[in-house]
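Just the one chain here, laid out as structure tokens, in the form predicted alone.
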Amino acid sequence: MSDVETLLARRQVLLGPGMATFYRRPLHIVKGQGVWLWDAEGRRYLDAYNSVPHVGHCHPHVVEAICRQAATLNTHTRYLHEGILDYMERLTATMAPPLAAGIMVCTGSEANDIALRMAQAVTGRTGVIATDWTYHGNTAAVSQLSTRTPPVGGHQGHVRHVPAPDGLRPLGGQGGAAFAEAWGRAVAAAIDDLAASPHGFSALIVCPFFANEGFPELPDGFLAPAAAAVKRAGGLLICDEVQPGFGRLGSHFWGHQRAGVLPDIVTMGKPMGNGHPVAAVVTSAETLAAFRKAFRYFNTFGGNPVSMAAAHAVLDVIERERLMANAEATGRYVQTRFESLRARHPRIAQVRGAGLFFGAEFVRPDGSPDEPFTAEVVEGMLKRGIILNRLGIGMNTLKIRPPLPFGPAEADLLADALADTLAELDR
């Protein structure tokens, strides 16, 4: 039995059946550095997928900060400590007023769970709207928002879903402002439906980049009509920044800034601690006060001194190494390389993205999503030492979101490998 087969057998027994892995033959990863990963056999892979090591795997500044604080003190927030306060000041300085206060937690799931409860506390209502191809975590509350794995017993009556935006197949059949207005009307209709129910309407929750929906190419101001409908109804707009936040999109530090909206609540996680479990909810002082009054909430590990040291160090590296500028420049460059491939490969319907979150959508000759072909592209790239994956409504869009030090040299390796993979699959 091979090493991989042995590990899979142990996982089956110890972690339960169905424990997910990537790829037909899962990887046994033993080391990471910068934008590179190594498996147990010593093979090196270019990591074009993992957003958690935001400033690079095992960045020495982050590692040193964690070790130094762990050797000094680690405890919970019922003792006073400057770390959490200094970090919250630094974090909220990247946002516009009134987003000026928050709660530190450990995961994006926790953050989104709290955000839903904040909306309940402010509005006195429980109804929530999400897209029909979203993912916001795995607590009992936020798993109600996902349609891909319906919860046991089905979705509860307080959830409404609107169509996931699709830039190639826009709601209403028209692009541009008409698309935004059509989607806004869908949100307004869901609001009205909830308002007529016993639940009422409390919040719309979206990723402002619509990452899991396939990060569609959308017209400027796309979210404005929906945000206006939410405001008219007295609800709250929640923006889940777990994937697009912390400068990944290059042009803006946050996805909602790029989308041109000011949410009532912002949630974040994954990249905050570069692999150390750090997440947060940021909102206004008034919303946070309403939450504190309605819910008795405490998180033992959220905001502990070691987590805050890691989070501070990540911000240090983003600033010192100018990683936002790198994300913007490299993103433009790699999309140019991908566009040259699209001109030669009719299966590529569109190249899209922002900064270091980009990909390509593959379709059949009739224009329908080509999920099997996209799956073969992912496996072909792995064979060439490139780690990426796929997502979107049809699971036919390459999902590429590497650590932010990913630069032009790595972009060339990626684009060349994609060219070779497509050439092989086209034979």
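Residues carry their position along the shown sequence, with the first being 1. All values reported here derive from a predicted model rather than from experimental measurement.
One more form of this protein, predicted in complex with a further copy of the same chain, exists but is not displayed; see below.
In the predicted complex, which of the stretches 321-329, 152-160, 347-355, 224-232 has residues with heavy atoms within 4.5 Å of a further copy of the same chain? It is 152-160 that comes within 4.5 Å of the partner.
Consider the chain as shown here, without its partner, and state which of 342, 169, 337, 117 has a heavy atom within 4.5 Å of a further copy of the same chain in the predicted complex. Flagged contact: 117.
Tell me, out of 313, 288, 95, 164, which residue has a non-hydrogen atom within 4.5 angstroms of a further copy of the same chain in the predicted complex. When a further copy of the same chain is considered in the predicted complex, the option within 4.5 Å is 288.
May I ask you to check whether residue 380 falls inside a 4.5 Å heavy atom distance of a further copy of the same chain in the predicted complex? Contact check for residue 380: no, nothing within 4.5 Å of a further copy of the same chain in the predicted complex.
Indicate whether residue 24 is a 4.5 Å heavy atom neighbour of a further copy of the same chain in the predicted complex. Outside the cut-off, so no.
Taking a further copy of the same chain as it sits in the predicted complex, is residue 220 near enough to touch it, meaning that at least one heavy atom pair lies within 4.5 angstroms? No, residue 220 stays farther than 4.5 Å from a further copy of the same chain in the predicted complex.
Just checking whether residue 173 would be counted as a contact of a further copy of the same chain in the predicted complex - the rule being heavy atoms within 4.5 angstroms. Residue 173: no, not in contact with a further copy of the same chain in the predicted complex.
Check each residue of 5-25 against a further copy of the same chain in the predicted complex and list those with a heavy atom within 4.5 Å, in sequence order. Read in sequence order, the residues that approach a further copy of the same chain (within 4.5 Å, in the predicted complex) are 7, 8, 10, 11, 13, 14, 15, 16, 17, 18, 19, 20, 21, 22.
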